[in-house]
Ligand SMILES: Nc1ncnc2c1ncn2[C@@H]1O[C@H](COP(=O)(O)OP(=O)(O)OP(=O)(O)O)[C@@H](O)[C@H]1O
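Have a look below at one chain only, the form predicted alone, in structure tokens format.
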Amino acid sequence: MTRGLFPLGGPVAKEDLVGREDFIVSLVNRLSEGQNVMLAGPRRIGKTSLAHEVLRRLKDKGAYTATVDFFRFSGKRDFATGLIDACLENRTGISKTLSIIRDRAKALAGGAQFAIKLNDLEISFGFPEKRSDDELLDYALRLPGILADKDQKLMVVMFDEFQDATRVTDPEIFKRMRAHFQTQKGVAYLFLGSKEGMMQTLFNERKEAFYRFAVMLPIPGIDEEDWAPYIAQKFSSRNIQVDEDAVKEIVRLSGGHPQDTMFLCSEVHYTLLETGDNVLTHDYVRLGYSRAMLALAPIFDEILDDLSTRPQVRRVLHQLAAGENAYQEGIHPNKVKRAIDHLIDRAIIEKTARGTYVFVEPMFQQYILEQFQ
């Protein structure tokens, strides 16, 4: 299947991970030593792509790996079988091991319950169907440690959208997880979450089950010095002549946001294709930018509509977009702080220093300015 020049809409291939090599190496080293790691940040900044590359490298070094995305699960049993399948794939090479085992059992024994050995790991055919959700979940949470011990392998488990575990299971899931995980040897966990406030609470507050269970690492941004050669090489690979300043303008307009930069580059590329030109100029960058903003407008409008019920939040948002001081005379500071906290919780802005905030998505900031000129 032909891929677009610039990857969009999902985890990217290793060759498209821009400016993250040092961070990836650090994560591989930490997890190899058994350190648990937590990465938090808004969607579309490349967390999952980073994690997949880290797991790929660990697997190449001989580790077992398992990926579990809470966004994909509808309930406790679904999560438990998903974790079991992800762990057993290291033994079987099959992504849906439990389904294969169950179907084979029905074919060979008319559905009668019996057990087979998966090497030295016994799995009962009747186990998923006959056991309660809680029994199945406890087995799933034990399994990473069981495999690590039996096969003398490092086992690395990645949980994506970890803060949603209570939505999928129950409010006590974090206590149950911690009870199993803290006794396991040879297992390292990588926790990803898009809701930074919730993730910070889970791992940083003493009353929470995962308090100090993992080191919390900030995800580094991507500098222009990393973006520029990547973008230039991509266009050059399609025999497009590149103007260095035009490439810098792409990064400036996108603010270096991972997915927005890729999207803007993609729109510039399609503009060139449609005109039949093969020279990247400032004019094509501006045309591509206009197209990208039109495509992003429904997404940005939805964010603004969601904030429409909070007039104070909208006011603060506009002031921050314009570079103004959100704390103004006549408005109680607590109201402003609550508005700023809400924007941070929604991953619209992030705090960089005392009283200083930046937009997570600079193109959204520009959209606000254009809408309210």
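Note that residue numbering begins at 1 and tracks the sequence as displayed. Because the structure is a prediction, the values reported are computed rather than measured.
Not on display, but discussed next: the form predicted together with this ligand.
Annotated contacts: 315, 320 and 371 are all free of this ligand in the predicted complex [non-hydrogen atom within 4.5 angstroms]. Between this ligand and the residues 338, 44, 30, 59, the one pair within 4.5 Å by heavy atoms in the predicted complex involves 44. 259 is the sole member of 271, 259, 184, 97 with a non-hydrogen atom within 4.5 Å of this ligand in the predicted complex.
Taking the partner from elsewhere, residue 350 is found to have every heavy atom lying beyond 4.5 Å of this ligand in the predicted complex. Looking at residue 48, you'd find a heavy atom of it within 4.5 angstroms of this ligand in the predicted complex. In the predicted complex, this ligand stays beyond 4.5 Å of every heavy atom belonging to residue 250. This ligand in the predicted complex comes within 4.5 Å of no heavy atom belonging to residue 355. In short, of 59 to 67, 35 to 43, 305 to 313, 339 to 347 it is 35 to 43 that has heavy atoms within 4.5 Å of this ligand in the predicted complex. Residues are counted as partner-facing when one of their heavy atoms sits within 4.5 Å of this ligand in the predicted complex; in 7 to 45 these are 7, 8, 9, 10, 11, 12, 16, 17, 18, 20, 42, 43, 44, 45, in sequence order.
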